[in-house]
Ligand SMILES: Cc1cc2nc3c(=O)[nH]c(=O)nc-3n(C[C@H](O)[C@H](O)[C@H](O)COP(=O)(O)OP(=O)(O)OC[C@H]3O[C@@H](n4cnc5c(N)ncnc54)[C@H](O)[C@@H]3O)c2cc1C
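Next up is one chain by itself, shown in structure tokens, the form predicted on its own.
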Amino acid sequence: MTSTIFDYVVVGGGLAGLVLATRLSEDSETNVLVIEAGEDQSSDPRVNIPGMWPSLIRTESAWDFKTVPQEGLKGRDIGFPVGRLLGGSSALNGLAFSATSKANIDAWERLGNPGWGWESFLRSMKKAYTPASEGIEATGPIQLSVPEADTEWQSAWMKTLDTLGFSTSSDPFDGEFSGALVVPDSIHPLTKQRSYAGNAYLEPARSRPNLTIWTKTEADKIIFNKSNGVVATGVQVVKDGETKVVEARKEVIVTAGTINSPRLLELSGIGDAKLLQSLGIDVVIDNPNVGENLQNHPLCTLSFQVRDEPGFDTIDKLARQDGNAIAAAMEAYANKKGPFSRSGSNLAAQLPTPGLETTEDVSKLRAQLQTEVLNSHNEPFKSFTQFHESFVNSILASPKEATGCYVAIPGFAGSNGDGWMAPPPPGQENYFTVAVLLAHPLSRGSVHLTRSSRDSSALSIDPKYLTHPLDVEIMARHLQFVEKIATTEPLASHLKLDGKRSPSAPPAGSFADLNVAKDYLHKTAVGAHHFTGTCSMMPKELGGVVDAQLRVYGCRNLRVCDASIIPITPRTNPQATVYAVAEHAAQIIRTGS
């Protein structure tokens, strides 16, 4: 067994890990090691060509996880990928770069995390990206672009939301956005390649002599010295078939993600003592909060057959692997255009709860809350559940705060019952799909070891989708509103509203019955790939694993920094939020504040 020494050992070469390693190694006197289980695929076209990201799913480039059977989804277990390559999920995600709300971030601070309010968080986020348009003062490594509107779908979507009374011109990064938008992609506007932690952060820093990257290296456990309290001193890893201990002079920083970070803590003896003892793991720190508070956005899609009209092309031929369509797309990409040059999911809306016309309507929804609602921000709260429900109640009460996020896709999009992508239905019909995500789910679950092993099957992943009654009530109303959008002009005239729909969808108009909408959710909803919360940043007595400086409770020289520390999930795709978390963490570590 050999030993190697660095100042910082970063466990996980994903989005947050590479941001931290890049920022910490800016100090030439600081030696940083990044440990990544996957490979360096920085030259892989499936990473770099934006439209090819689905081809990385269910390969060696992704951890292949699945949940336990979900009561709220009629007993279905839901599969999902997590990036297992340098850059992590930033190298294979859907590319959307969306800011969460000011209300969301300010709630983190009120929970007991000083320094994490919207203003300071926004400064950290602006360090991460360069915007697609002028007017936003941000010059970070991640390059954003907004695709050219080469079909009429964008115009139809925006005009339809405008007809329904929603804004179509607000700033999506101002923290108070509500309405329709074109979501920017994390794609370089000149090269039309994916802009991610690997090429935007790491690549310019890769030649630094004080930055070391180990790929195809798995962390077994964190090593501690317990002679004077608990101090993290290094990490035991397996590299090239050899077990070795890597020592950290200053800190071990866990950035393995929402699923793998709590797993590593538990394997290392940090977690619920009863669970660890039952698995034969020596207990180092008893904290039953590790692995709890798992959150994710439930997602549901509804596809509509379209009228075949000039200017209203869809991606269905590509999805059906039509040779001519693929050849045309590759030819277009050679000129930095076409479907491979963008995510394809840029048309979006973030909307408040539909159908709340009276205070009585709001009261009916509030009746689904399970704790006493706090009446003011200054009122003390007794539990995280009470705080969380009060936060969601405040969102409900606002006519502007979004509770649902919509993504419109010119083509069929949907999932099989097990959560994995489904191909278009048989036939040659083309489709327009609207996916709706529940922005602020109250259903929360957990991730825990079932045996002492690094194997993916040794995990119980239970998000408890749609088990909180308010989640079902709100999401069903947003599903009803999808049909309202589809039947509103000008979009309605481009859809065959009496034509084919998603294979499991009831006939047009059926969702007018809220119970039908609820049943469709339970039968077809899946989870977005937006997991957060399992090493939450909050006071320990409320459910915290790390403090506001991301230090693990009960241990010195050990931090967690990734999506797992997020205590209340962002209301939309978390990519931008996690970049901001990592930039914020780098500032904390480097300055001590």
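Note that residue numbering begins at 1 and tracks the sequence as displayed. Here the structure is a predicted model, which means the values were calculated and not measured.
Same protein, other form: the form predicted together with the named molecule, not shown, and the subject of what follows.
**Q** Identify whether the named molecule in the predicted complex is within 4.5 Å of every residue in the set A16, G94 and A563, based on non-hydrogen atoms.
**A** Result yes, every residue of the spot touches the named molecule.
**Q** Which residue among L181, I395, A219, L479 has a heavy atom within 4.5 angstroms of the named molecule in the predicted complex?
**A** Spelling it out, the residue with a heavy atom inside the cut-off is A219.
**Q** Identify, from the list N260, Q350, S268, S195, the residue with a heavy atom within 4.5 Å of the named molecule in the predicted complex.
**A** None of the other options qualify; the answer is N260.
**Q** Among 84-92, 503-511, 159-167, 199-207, which stretch has residues whose heavy atoms lie within 4.5 Å of the named molecule in the predicted complex?
**A** One stretch meets the cut-off, namely 84-92.
**Q** At the 4.5 Å heavy atom threshold, is V11 in contact with the named molecule in the predicted complex?
**A** The answer is yes: V11 has a heavy atom within 4.5 Å of the named molecule.
**Q** Taking the shortest heavy atom distance, is V578 within 4.5 Å of the named molecule in the predicted complex?
**A** Yes, V578 lies within 4.5 Å of the named molecule in the predicted complex.
**Q** Give a yes or no for V252: in the predicted complex, does one of its heavy atoms lie within 4.5 Å of a heavy atom belonging to the named molecule?
**A** Contact with the named molecule, no.
**Q** My question is simply whether I57 lines the interface with the named molecule in the predicted complex - judged by any non-hydrogen atom within 4.5 Å.
**A** Because a heavy atom of I57 falls inside 4.5 Å of the named molecule in the predicted complex, the answer is yes.
**Q** Just give me the residues of 512-532, first to last, that have a heavy atom within 4.5 Å of the named molecule in the predicted complex.
**A** Contacting residues: H529, H530.
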